[in-house]
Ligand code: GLU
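In the block that follows, a single chain appears as structure tokens, in the form predicted alone.
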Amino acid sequence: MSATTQAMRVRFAPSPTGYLHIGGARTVLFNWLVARQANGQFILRIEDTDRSRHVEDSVQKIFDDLRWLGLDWDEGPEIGGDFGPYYQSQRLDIYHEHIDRLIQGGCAYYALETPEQLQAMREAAEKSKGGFRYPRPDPIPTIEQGEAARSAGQPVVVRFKMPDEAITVVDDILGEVTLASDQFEDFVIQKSDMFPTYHLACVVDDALMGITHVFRGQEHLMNTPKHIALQKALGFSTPRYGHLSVIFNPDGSKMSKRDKEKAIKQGVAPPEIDVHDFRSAGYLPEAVLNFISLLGWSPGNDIERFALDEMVALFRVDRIGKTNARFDRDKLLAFNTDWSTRVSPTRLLVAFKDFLNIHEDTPAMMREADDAILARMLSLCEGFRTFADVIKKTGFLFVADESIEFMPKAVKKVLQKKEGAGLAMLMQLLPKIESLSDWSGEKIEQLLSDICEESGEKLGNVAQPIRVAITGSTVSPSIHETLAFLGRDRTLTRIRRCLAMHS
């Protein structure tokens, strides 16, 4: 049955080298969307044959990232299916069988060059100012020579014989892309450690798992002719391909995990690159999914805000663009601010608790707070950009009264400026606050309003000294709600302590 008539089966096949990159998340999303729209199957496969790059806990990190985004899989690890195993490291016998078929059929051969010999070839190509292309041996080593060399402990690899002809990739996004034969070389399909390379394992698994459509990043476009040649040699059908645009930073550089390393070397805060970065920075998965869906795709009609189920209804492959996408962090922040008001209070609370559990700087008292307190915090900070803003604005509530640290800038700007006007205001406020028996937000707001009217001061000149006294900074939710939340006794304790320390 051809790829166009059988049920759609798509896959995402990450290498476990760390957390899921945000570009990989977009690839997952697009595959997931086309599968859901077509009532097809989305398969997760772990490509863990490159043991030199394998990071042991990365597989679980990828699972966690996908589940945080809400992108489930129909077949794969922890789910099962009829086409497993879904870890390539558990499929070595399958790959060896297909490699042997290629060798016996004359489509692949043992290559006996040592790493030193290959390096010498590359250096010679550099000196001649030409690009290095592996030269096919003449004569090609026999099977017997290759097996004998491998038995003797030599670093033998297996290379595929690329056909001497142009190969055309029929791409659902880019159209037809033809590569001439002089752009190809015989590439390795089995390394000296007997593990298959990405190319061989990918082609075999796509065929045996019944993959009908492959949507992946444009960085794989140059690999696709190799895969088509392998498919033909093995008698496999070719799935339909679609290569997604590259994601760039606003400055035009490619968005890469190396951006974090570069930032750290420069002594600046590293940018969010991996899905986990955005999760621990306090973004909602709804906002992240909404935003990355628009990196290279548009539903038309100027629609930009939609939930995952709405994406399924709107998504069309023919609306995926060819041009590279730009990752606009300001726009993502705007999306997240909007989504923080769009989701239900119950959903927001669940997401906030997840953030508190994984965020490294969460105060222990805040992590242990009950749902009612956390919900109130969210309500006080309505319109926040990320959950990190909620911690910043309300973290003082979870600090012992005697441990409040006063920011020097806040003390100088609010309390000591104009010959200590702020401290003087606190002195005037203290007895009036002490006399307030009904400690509700409404009564506190009314008290502060009355004080402003009596003194002729603006609310800021009244509220800011209180804010500095109880938080140590100039940032908090509305002052009356903040005091109501903190409580009468703690408010008075903090104001008295502030006066004692700075008068």
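One-based numbering along the sequence shown. Treat the numbers as computed from the prediction; the structure is a model and nothing was measured.
Separately, the form predicted together with the ligand exists; it is not shown, and the next lines address it.
**Student:** Given that the partner is absent here, state which listed stretch (99 to 107, 195 to 203, 149 to 157, 172 to 180) has heavy atoms within 4.5 Å of the ligand in the predicted bound form.
**Tutor:** Of the stretches listed, the one contacting the partner is 195 to 203.
**Student:** Can you pick out, from 479, 13, 495, 486, the residue that has a heavy atom within 4.5 Å of the ligand in the predicted bound form?
**Tutor:** Of 479, 13, 495, 486, the residue with a heavy atom within 4.5 Å of the ligand in the predicted bound form is 13.
**Student:** Among 191, 91, 216, 240, which has any heavy atom within 4.5 Å of the ligand in the predicted bound form?
**Tutor:** Answer to the contact question: 216.
**Student:** I'd like to know if residue 47 sits close to the ligand in the predicted bound form, meaning any non-hydrogen atom pair within 4.5 angstroms.
**Tutor:** It does: once the ligand is placed as it appears in the predicted bound form, residue 47 has a heavy atom within 4.5 Å of it.
**Student:** Does residue 257 make contact with the ligand in the predicted bound form, using a 4.5 Å heavy atom cut-off?
**Tutor:** Residue 257 lies outside the contact set for the ligand.
**Student:** Quick check on residue 220: any heavy atom within 4.5 Å of the ligand in the predicted bound form?
**Tutor:** Contact check for residue 220: yes, within 4.5 Å of the ligand in the predicted bound form.
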